[in-house]
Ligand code: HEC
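Let's start with one chain on its own, the form predicted on its own, as structure tokens.
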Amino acid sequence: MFVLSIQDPQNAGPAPQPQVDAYGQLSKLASTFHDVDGLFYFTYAVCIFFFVLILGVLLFSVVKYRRKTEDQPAASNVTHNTPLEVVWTVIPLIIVMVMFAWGYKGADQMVDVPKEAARNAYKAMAKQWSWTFTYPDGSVSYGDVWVEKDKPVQFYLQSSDVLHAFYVPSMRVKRDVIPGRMQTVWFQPTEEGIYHLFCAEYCGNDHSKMYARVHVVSSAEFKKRPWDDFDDSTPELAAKSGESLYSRNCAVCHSVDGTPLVGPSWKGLFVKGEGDTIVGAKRTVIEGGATKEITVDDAYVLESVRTPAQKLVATHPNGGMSSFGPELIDDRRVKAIVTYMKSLASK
């Protein structure tokens, strides 16, 4: 296991470095799943033992049985040794079966959800290239999820587009997220802190940016609902909330300064009109195979979020963005994003 210095793609600053275990190999265990570590070090020890054994026999044979003269005959004409061949077939088979049984036990534990975890069930929705988390009370967070220390938690895993994977190294859990299928995984966090959550299945060009953070906090901190920071009570707060949503869901594909990314930039979507009013800019799109010019407005942005292929931006005719349905971003949050877009007109 190697340690990376990870920059959070959601603009939340540098991600915390994972602590390594006592052997400097795995990130520090922060859940109750010990079998993963046991199997890892068993496999590690087996590999080292057989590497040293085979290399030692090889070096010994090279030195002892080397040809000393050009006309020296072969030391032996034996072509095989049945007992020896049985030994080096049966022993590795036994070791591999032990590894298989041990690994199966650990994998089965991750999906054998106890009642305590089932009563604390979250949903994690994977989408190119972001995570949306729904809490047991129905509230939502993006890119970051909060759980309580020492309280078992279950995650129902769904994908809205392609194959992904839910991988939290410190919790020792990994589970594929398969389109059209509900997967599940659980763990019991044992130490407070911020932990990495990766997508561990290649899911497209920006797969490496599909990153989230798991916050393990005390019960008292959890009751403060640190994830529930959405506020659109004023235009200023709505723009701030929209910016937060942008950084967690949209920044991977859309820049705000004209930098070319996978999707079209948001720069210039809205501009200043007469009397400092904010108006939509003109944009060339492709709809139903026909090229046309439209004026950007709130309805166009909402349509682009819900049905991205309806009007493809002419500079990005291949599209590629999958739909953000109401279960991912509701209309209030889309309006906050539009408010943030309009605030960019003055920059």
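Computed from a predicted structure; not experimentally measured. Heads up: residue numbers just count along the shown sequence, starting at 1.
One more form of this protein exists, namely the form predicted together with heme C; it is left out here, but the text below deals with it.
Asks: Among the candidate residues P169, G106, P264, P152, which is the single one with a non-hydrogen atom no more than 4.5 Å from heme C in the predicted bound form?
Replies: By the 4.5 Å criterion, the partner-contacting residue is P264.
Asks: Go through L269, V256, A117, A124 and name the one with a heavy atom inside 4.5 Å of heme C in the predicted bound form.
Replies: Going through each option in turn, the one that passes is L269.
Asks: Please check if S304 has a heavy atom lying within 4.5 Å of any heavy atom of heme C in the predicted bound form.
Replies: Heavy-atom contact with heme C at 4.5 Å: present for S304.
Asks: Applying a 4.5 Å heavy atom distance criterion, does V252 contact heme C in the predicted bound form?
Replies: Yes, contact at 4.5 Å.
Asks: With heavy atoms only and a cut-off of 4.5 Å, decide whether M321 touches heme C in the predicted bound form.
Replies: Output for M321 is yes: heavy atoms within 4.5 Å of heme C.
Asks: Is there any non-hydrogen atom of A336 lying within 4.5 Å of heme C in the predicted bound form?
Replies: Contact with heme C, no.
Asks: Look at the stretches 106-114, 132-140, 181-189, 244-252 and give the one with heavy atoms within 4.5 Å of heme C in the predicted bound form.
Replies: Residues of 244-252 come within 4.5 Å of the partner.
Asks: Within 4.5 Å of heme C in the predicted bound form, do we find a heavy atom from each of V313, H316 and I329?
Replies: Checking in the predicted bound form: V313, H316 and I329 are all within 4.5 Å of heme C.
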